[in-house]
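A single chain comes next, written as structure tokens; it is the form predicted on its own.
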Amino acid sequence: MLSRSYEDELFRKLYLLGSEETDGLIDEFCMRCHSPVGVYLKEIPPADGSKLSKIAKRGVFCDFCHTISGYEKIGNGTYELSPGIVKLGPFEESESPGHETAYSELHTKSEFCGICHNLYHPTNNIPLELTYTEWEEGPYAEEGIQCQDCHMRQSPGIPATGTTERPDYPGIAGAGGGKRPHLYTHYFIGGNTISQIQTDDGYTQMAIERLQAAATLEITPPTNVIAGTENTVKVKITNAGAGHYLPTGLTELRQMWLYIKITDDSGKVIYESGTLDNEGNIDQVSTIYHSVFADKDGNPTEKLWEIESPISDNRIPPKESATEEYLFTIPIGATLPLNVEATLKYRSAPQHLVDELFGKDKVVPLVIDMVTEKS
């Protein structure tokens, strides 16, 4: 997915809008991570990519990562580069017929990922994305589990999360090399399913597999069920598989919410929450797990460049839980017992923003059923 960092159509449309509305202020800031070679070669600005070389349009590619030799600080793409014939990587003894090699401890640590996967507003320093910090302050860091131990062990059908196997992949890294106990996979899959609008080479399916191995649900069903009375259902959501908050990344865009349906024994729906209306909006009574930021006037905004202050953040830290409680009335004549079905859902961006960027009804973001539980 790193190879799509420049091509990602959602990113590019949002980026061009931001460049236009800020008179180019965000051009280099965003592209330090989305087209780092474009920034390094001073081909950015302009934001429209008209000066970008073919190699810069490849986003984050092999040679770029393997020439990172350090960083100024965690976040905002403050990497230090050592381009040349020496390529840096995680193996202490390696030889290549094409270039020289050197061991880099940094390539084995989460700090390498944190260079870009912490993001602070370029003018007011408000945290916009803290995926690295969420890991650093959580239980996976305490256990010594690095970002690479999940995101570079995934392969098709094996999401490699905290709830699944994270296997080794023995093999030979290059021609003439010896067999190693583990070769890191390089899919770099997260929860981004917007690649659906492009040729995605299976990336969307792998993102779905990762999302479906991230959380668990536990239903506390209603008690003392009597027709004509009020009752409650509780649903506990546990971040069981992610080493960071759920969701993470640019979470003013990403949405995770709970859909719940309560039916009587005849199948009649007596309560429902978490539905989408005809415009693709999540109903007003649902809790959306995401970050909310305000602009200079205190109004919620999903545009990074407008953010002036945080409003709320109800996302779920790793190995922690959140509980939703639903109050409903059991109608007279309901056929008992009741059936409860809960599904945790996710999409990479809200429909109204996608409509603004692509045009109404042009693209519908995939809604992923992460996990379903019944009682």
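So that there is no doubt, residue numbering starts at 1 and follows the sequence shown. Note that the coordinates shown come from a computational prediction; the quantities given were computed from them, not determined experimentally.
Not pictured, yet referred to below: the form predicted together with a small molecule.
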| said: Partner absent here, but in the predicted bound form, which of 272-280, 290-298, 181-189, 223-231 has residues with a heavy atom within 4.5 Å of the small molecule? | reply: 181-189
| Judged by heavy atoms and a 4.5 Å cut-off, are I219, K261 and I368 together in contact with the small molecule in the predicted bound form? | no
| the small molecule contact at F328 in the predicted bound form, heavy atom, 4.5 Å | no
| Could you tell me if C147 has a non-hydrogen atom within 4.5 Å of the small molecule in the predicted bound form? | yes
| message | My question is simply whether V60 lines the interface with the small molecule in the predicted bound form - judged by any non-hydrogen atom within 4.5 Å. | response | yes
| said: Taking any heavy atom pair closer than or equal to 4.5 Å as contact, tell me whether C30 reaches the small molecule in the predicted bound form. | reply: yes
| request: Could you tell me which one of S286, T238, T161, T204 places a heavy atom within 4.5 Å of the small molecule in the predicted bound form? | output: T161
